[in-house]
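Next comes just one chain, in structure tokens: the form predicted on its own.
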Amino acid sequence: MKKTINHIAQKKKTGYPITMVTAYDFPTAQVLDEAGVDSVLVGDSVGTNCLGYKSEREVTMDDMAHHTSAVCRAVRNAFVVADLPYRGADSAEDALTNAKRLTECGADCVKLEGWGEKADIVRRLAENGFTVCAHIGYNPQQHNRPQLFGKDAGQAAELFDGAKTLCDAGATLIVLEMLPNNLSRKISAALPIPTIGIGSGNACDGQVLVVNDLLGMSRRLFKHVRRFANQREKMFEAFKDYIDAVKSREFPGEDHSWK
């Protein structure tokens, strides 16, 4: 059964952790969906993880529409969230136009970065019927490098107030990225909407990881990442075995040929 925002919200009420994974293509999304993940996030991290861009700022709406469509063709059950790319929500008009395009691609929800200053745009999106996921803390579109936010009292208060403001404006989900555990715990307890953490401790209502990090495809290992597989090494070994088998004419063999 297709999961909705009500399903995700109910998990917060009952205390069941929400699972989210960032993915960008049909086969990966298909396996995630079959595995039972609650939500697939088509993130603008597609730029650095799949397209060879130097940063998320290079990702375009065409990129996001292309990958959102691929993921949505695969997903049957999971709740699909798609990122509005860099400058894709500079104004309410831009946000509405781009949100419409992503939902037409199949997305159930659109996500935009920004702290409390994005409340008016969140409100316009919600008023026009879009399900909105906010994203505070480390924002890759805005900040040059990953860093912890909310370490001092002033910034922690700004993040806490910003989260409440975004919720009041109509956000129905919020990603907390790279916040101290105690701050994430306080925000999660204060908000009626689910919080999804990445690098923000286990007190959030759910967790999200980038699929490349989760599978061990990335060269760099971040502190907040646990590699649940070492797929990069397995792929390397498989490619080497294939190359060697072709060079030696061991492949294709009789079992792979027709007479």
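Counting begins at 1, following the sequence as shown. Since the model is a prediction, treat every value here as computed from it, not as a measurement.
This protein has a second form, the form predicted together with a small molecule, left out of what is shown; the following refers to that one.
Note that among 66-74, 186-194, 27-35, 205-213, the stretch whose heavy atoms approach the small molecule to within 4.5 Å in the predicted bound form is 205-213. When contacts are judged by a 4.5 Å heavy atom cut-off, residue 111 counts as touching the small molecule in the predicted bound form. Using a 4.5 angstroms limit between non-hydrogen atoms, residue 40 is distant from the small molecule in the predicted bound form. Taking the partner from elsewhere, residue 175 is found to have a heavy atom lying within 4.5 Å of the small molecule in the predicted bound form. When the small molecule is considered in the predicted bound form, residue 135 lines it closely, a heavy atom lying within 4.5 Å.
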